[in-house]
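As a starting point, one isolated chain is supplied in structure tokens, in the form predicted alone.
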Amino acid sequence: MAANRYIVLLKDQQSKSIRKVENEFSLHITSSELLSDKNKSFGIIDNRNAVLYKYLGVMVVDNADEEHLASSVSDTESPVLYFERERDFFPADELSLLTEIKSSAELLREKIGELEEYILHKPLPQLSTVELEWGLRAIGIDRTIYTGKGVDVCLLDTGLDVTHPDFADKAIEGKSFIEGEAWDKDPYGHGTHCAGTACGNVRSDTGRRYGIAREANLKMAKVLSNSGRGTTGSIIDAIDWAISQQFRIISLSLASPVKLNEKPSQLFETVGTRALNSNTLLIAAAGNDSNRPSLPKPVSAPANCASFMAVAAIDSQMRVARFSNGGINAATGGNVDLCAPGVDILSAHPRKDSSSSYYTNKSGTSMATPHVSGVAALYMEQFPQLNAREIWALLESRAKTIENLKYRDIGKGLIQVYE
């Protein structure tokens, strides 16, 4: 995260307003429509240069004077509507949460190490006569003939291992929003795993199915680094790109924790609304900060915004995952919309050496999110006349209620294919 980087929401993008902001803050503003593979935002933004994301009306600037920004927001004549400091985002999976806990709680090192060792090395489930992974059975994938054909699904994540045998024959478009790191490599492994669930098909070694929308057009935006860290700026940049390409679904298996009673970001709320108005559905992980049943935590950003579909996680016993965040910020917003399988989810993974597997289990609301994104692609293929808001409503209306679980924790219920 750049020091003192700010994300600024503008009222409009008229040339008069842009010139006024440039003069007021002594900046040169470059529109995102001028960005390219050779002219990327992270090579432009500095003390004197800002980038304006055309499809979102959002500007990113370094080292702005916060008091000056606050004064501009208060000035009714100023084009500046809102601003916030850039924040860090992380993959919303169980292992990533452990990494963060380790860095801030040295006293828990031994117990966390044991749990981390278990997560990394627990055995894969043995192949049985059942041909579907449990998550696919739970959402009813065997009841549909649709495959997501023709629907563009964009994952904002750590990248994709394009050499993986299950993706080698796919035509995949991608772009990196992390300086010096390529989108078509994934040392962290998180993006490959999520892509496998949303748009994979069957295991190349056993033929057992783990992916949902196998004929969707997979798009990758690398917004999280090889160490699993990203920022508001990279996410905004990627969303603007995805909207410019008219991608129908943006899947965000990432999260930034929020405090109890913290209001959702006006920035992300506006971005989500503008995406919906552009016929793009944003689906985001609810976050993994909870320690249930004693300590549920509120839905993380950006999923806590009403314009983002927030996805919680359940396990194979139809219980809320112990780490899954809930809609406990009722007074300020931040509800769960749907839930999906998110515990012990087997999917694709980069192979580290000849003795390792191309597949692994992961747990987290990160794993639940691509289940919803994949099913949304099936709906969009089946109902091409429906817009993003109508698809959202249909997903919720077809969700399956789960006995004894609270709306606070699972929203409308477990995502289901349309029969």
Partner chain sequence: MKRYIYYGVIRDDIPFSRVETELTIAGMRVINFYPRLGIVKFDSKYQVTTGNFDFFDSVEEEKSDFFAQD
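Residue numbers count along the first chain shown, from 1. These figures come from a predicted structure and were not determined experimentally.
Keep in mind the form predicted in complex with the partner chain is missing from the figure; the text below concerns it.
Scanning 250, 218, 271, 139 against the partner chain in the model of the complex with a 4.5 Å heavy atom cut-off leaves one residue, 271. 230 is the sole member of 211, 326, 148, 230 with a non-hydrogen atom within 4.5 Å of the partner chain in the model of the complex. Checking 330-338, 71-79, 233-241, 140-148 against the partner chain in the model of the complex, the stretch whose residues place heavy atoms within 4.5 Å of it is 233-241. At least one heavy atom of residue 285 is located within 4.5 Å of the partner chain in the model of the complex. Contact check for residue 190: a heavy atom falls within 4.5 Å of the partner chain in the model of the complex. Though the partner is left out of this view, residue 266 does reach within 4.5 Å of the partner chain in the model of the complex, counting heavy atoms only. In the model of the complex, the partner chain lies within 4.5 Å of some heavy atom of residue 257. The three marked residues, 224, 362 and 366, each reach the partner chain in the model of the complex, with a heavy atom inside 4.5 Å. Contacts to the partner chain in the model of the complex (heavy atom within 4.5 Å) from stretch 316-355: none.
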